[in-house]
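Given next, in structure tokens, is a single chain: the form predicted on its own.
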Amino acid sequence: MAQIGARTWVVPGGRVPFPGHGREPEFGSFDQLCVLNATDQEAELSLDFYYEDAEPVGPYRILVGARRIRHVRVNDLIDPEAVRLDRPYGCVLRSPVPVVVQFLRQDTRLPGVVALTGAMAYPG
């Protein structure tokens, strides 16, 4: 099978909605990276986050098994520090093997409303 994906992906318009009013974890607000690794090798991803008014933070390390998918909630990333909620960010994801990355946002800031949006990340 031909390799698909890219080794570098960019999400320039992140912002974890906060606060959320939905039941956790299914209906809380979140930003999420969905990663497909269709290769025969494990992918150790490296994520760096960029902010308007602070120095970049990272790398955050995430493993995606060979021929597997992994959904990573940005809200859950805490090492080297927690990703800042309700603040604009951009992130750069790097992988040793080609992967495909989709970005999702679930916004439950309004009581009783669940807004879900998705977009492909930009392959670098």
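Since we're looking at a predicted model, the values are computed, not measured. Each residue number is its position in the shown sequence, starting from 1.
Absent from the display: the form predicted together with another copy of the chain. The rest refers to it.
Although the partner is absent here, Y60 lies well away from another copy of the chain in the predicted complex, with no heavy atom inside 4.5 Å. Residue contact check for L85: none of its heavy atoms lie within 4.5 Å of another copy of the chain in the predicted complex. In the predicted complex, another copy of the chain sits within 4.5 Å of a heavy atom of E52. With a 4.5 Å cutoff on heavy atoms, L36 counts as touching another copy of the chain in the predicted complex. In sequence order, Y89, G90, C91, V92, R94, V100, V101, Q102, F103, L104, R105, Q106, D107, R109, L110, G112, V113, V114, A115, L116, T117, G118, A119, M120, A121, Y122, P123, G124 are the residues of 89-124 having a heavy atom within 4.5 Å of another copy of the chain in the predicted complex; the partner itself is omitted from this view.
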